[in-house]
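One chain comes next, on its own, written out as structure tokens in the form predicted alone.
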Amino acid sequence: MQHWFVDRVPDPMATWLEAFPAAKMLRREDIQSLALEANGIIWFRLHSGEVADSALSSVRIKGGQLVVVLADEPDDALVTSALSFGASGCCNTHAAPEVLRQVALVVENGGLWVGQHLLQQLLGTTSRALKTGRREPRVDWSLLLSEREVQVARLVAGGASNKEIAMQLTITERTVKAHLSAVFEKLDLRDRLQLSLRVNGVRA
């Protein structure tokens, strides 16, 4: 998959190139003159003080085109705005290479990357709402998982972060990530939101 980093000037950060050595840089004004592949990701940088809607107006997001916003000062409002514009995710401009690769993996597989804080809020709200809302007949997904994986899945569905899960189960965050990867694979899910819906008996 091709990666394009879009900024005011074509001056990539070292972390971007470390994550994706074959990535290409684009100026904002050049983005519409190129026929970008549908199977690529556009990483669009938002500088401090910029508003997502106005900055992203230069990108006409087409069907199948993935856009991830790189924000110098990400917050929940900016993330929400970027997603409403059609972006597949938003993360910090200065994120480590391994985080950028994880973001790419999530959005390539149809998931959304919204940041830990906003995701926890969303999952917590979803979990509370589903307790009183109408749900699909429950499928016993837990039979597909180990006992520990079931514990991790239930905690994720309740809005817990990897760190909180690690502390509660007395395991490392790395182990939590390993269990979560296994859960996603066994249940054929893309992200934490889909997992929350599955655990709560809602058809994703």
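What we label the rigid core is the largest C-alpha set whose atoms superpose within 1.5 Å from one form to the other. It should be emphasised that the depicted structure is a prediction, and the values quoted were computed from it without experimental measurement. A residue's number is simply how far along the shown sequence it sits, counting from 1.
One more form of this protein exists, namely the form predicted in complex with the DNA; it is left out here, but the text below deals with it.
K.L.:
Can you tell me if residue 161 lies within 4.5 angstroms of the DNA in the model of the complex, counting non-hydrogen atoms only?
P.N.:
Output for residue 161 is yes: heavy atoms within 4.5 Å of the DNA.
K.L.:
Closest heavy atom of residue 168 to the DNA in the model of the complex, within 4.5 Å or not?
P.N.:
No, no contact at 4.5 Å.
K.L.:
Taking the DNA as it sits in the model of the complex, is residue 148 in contact with it (heavy atom to heavy atom, 4.5 Å or less)?
P.N.:
Answer yes; at least one heavy atom of residue 148 falls within 4.5 Å of the DNA in the model of the complex.
K.L.:
At the 4.5 Å heavy atom threshold, is residue 47 in contact with the DNA in the model of the complex?
P.N.:
Because no heavy atom of residue 47 falls inside 4.5 Å of the DNA in the model of the complex, the answer is no.
K.L.:
Residue 191: CA shift of at least 2 Å between the shown form and the other one after core fit?
P.N.:
Comparing forms between the shown form and the other one, the residue 191 CA shifts at least 2 Å.
K.L.:
Using a rigid core alignment, state whether the CA of residue 157 is displaced by 2 Å or more between the shown form and the other one.
P.N.:
After core superposition, the C-alpha of residue 157 moves 2 Å or more between the shown form and the other one.
K.L.:
Would you say residue 176 moves between the shown form and the other one, meaning its CA shifts by 2 Å or more once the core is fitted?
P.N.:
Result for residue 176: yes, a 2 Å-plus shift.
K.L.:
Mind checking the CA-CA distance of residue 156 and residue 82 in the model of the complex? It differs by 3 Å or more from this form, so is it closer or farther?
P.N.:
Those two alpha carbons end up farther apart in the model of the complex.
K.L.:
Shorter or longer C-alpha distance for residue 73 and residue 191 in the model of the complex, given it differs from this form by 3 Å or more?
P.N.:
Farther apart, which means the C-alphas of residue 73 and residue 191 are at least 3 Å more distant in the model of the complex.
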